[in-house]
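Have a look below at one chain only, the form predicted on its own, in structure tokens format.
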């Protein structure tokens, strides 16, 4: 394989990972923008989305509803998004909103504890929850070869789905009244309430969108790797937060750029560095640290509003 072929192949692989990282990073950005809270439990909703899909698949298999694969995939995505979003809204009302006005250290500790609680609940209550769980293979298998470059069909579907989700989220945020309310609260919550915006409802919608998008990423992760684990949300949370900071915390477009950049860093490190496969994330985080030393506001800059 030539150098050019390797660059193209790893770029394709990096985009695959990056689109999943971007979906998780968008959630961090939404929470920070609306509540000024860094929600470290967000990665565990990514994990929860995958397990919800696995539970729903088991129910469908028991009832004999697995013959129609396209409908089954839609059922898994919609069902997991709804269930994960409901849990996110409930936990937000109980744990996150009461500390949203507290010092950021308090909210960090609360959301970190919430993530651990979700993770351990899955480990304890899901049968043999500590073991890796095989994920159903529902997407088309096989690949397309262009010279030495191999493109798997399932990867194309995952990538297109991720892009569609990002487009839908962008439309909701920028083109709808609900998105206008979210942006108004992000700019100035008190002024938004004075203009008639329901703050509690807006916060619930923010958590609904963030958790639903994380659930989509969790299912995509299951399809991509063929398995899920109860603790996979811990690392994904760190990656998603790092991606959002790279792009500019509070900037949705920055979260997308940061996620894709992190995915590219991982794949190129795995392909080119000695023992790269084992240390790809070490390299990626090292580059992130260097990047933030020289540009701490991120690629596109933090969304900072001046309140007067």
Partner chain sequence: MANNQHEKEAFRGTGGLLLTLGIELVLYALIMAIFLDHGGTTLIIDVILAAAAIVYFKRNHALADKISATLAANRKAAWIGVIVLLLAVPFVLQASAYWLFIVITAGLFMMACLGLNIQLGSTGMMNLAGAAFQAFGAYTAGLLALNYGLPTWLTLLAGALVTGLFSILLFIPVLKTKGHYLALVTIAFQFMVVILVENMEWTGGPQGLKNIPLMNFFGYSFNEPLNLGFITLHKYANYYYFTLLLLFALGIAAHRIYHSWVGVTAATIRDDEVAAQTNGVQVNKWKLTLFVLGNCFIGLSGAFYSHMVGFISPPNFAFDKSLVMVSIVILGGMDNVLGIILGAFLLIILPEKLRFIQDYRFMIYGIVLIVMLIFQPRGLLPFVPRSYAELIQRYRHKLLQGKKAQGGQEA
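All values reported here derive from a predicted model rather than from experimental measurement. Positions refer to the first chain, counted from 1.
This next part talks about the form predicted together with the partner chain, which is not shown.
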### Query
Is there a non-hydrogen atom of residue 275 within 4.5 angstroms of a non-hydrogen atom of the partner chain in the predicted complex?
yes
- Message: Since only the chain is shown here, I'm wondering whether residue 110 would be in contact with the partner chain in the predicted complex (any heavy atom pair within 4.5 Å).
- Response: yes
Taking the shortest heavy atom distance, is residue 60 within 4.5 Å of the partner chain in the predicted complex?
no
Give a yes or no for residue 120: in the predicted complex, does one of its heavy atoms lie within 4.5 Å of a heavy atom belonging to the partner chain?
yes
Even though the partner chain is not shown here, does it sit in the predicted complex so that 116, 241 and 292 each have a heavy atom within 4.5 Å?
yes
Only one of 133-141, 95-103, 172-180, 200-208 sits within 4.5 Å of the partner chain in the predicted complex by heavy atom distance, namely 95-103
Near the partner chain in the predicted complex, with a heavy atom at 4.5 Å or closer, the residues from 29-49 are 32, 36, 38, 40
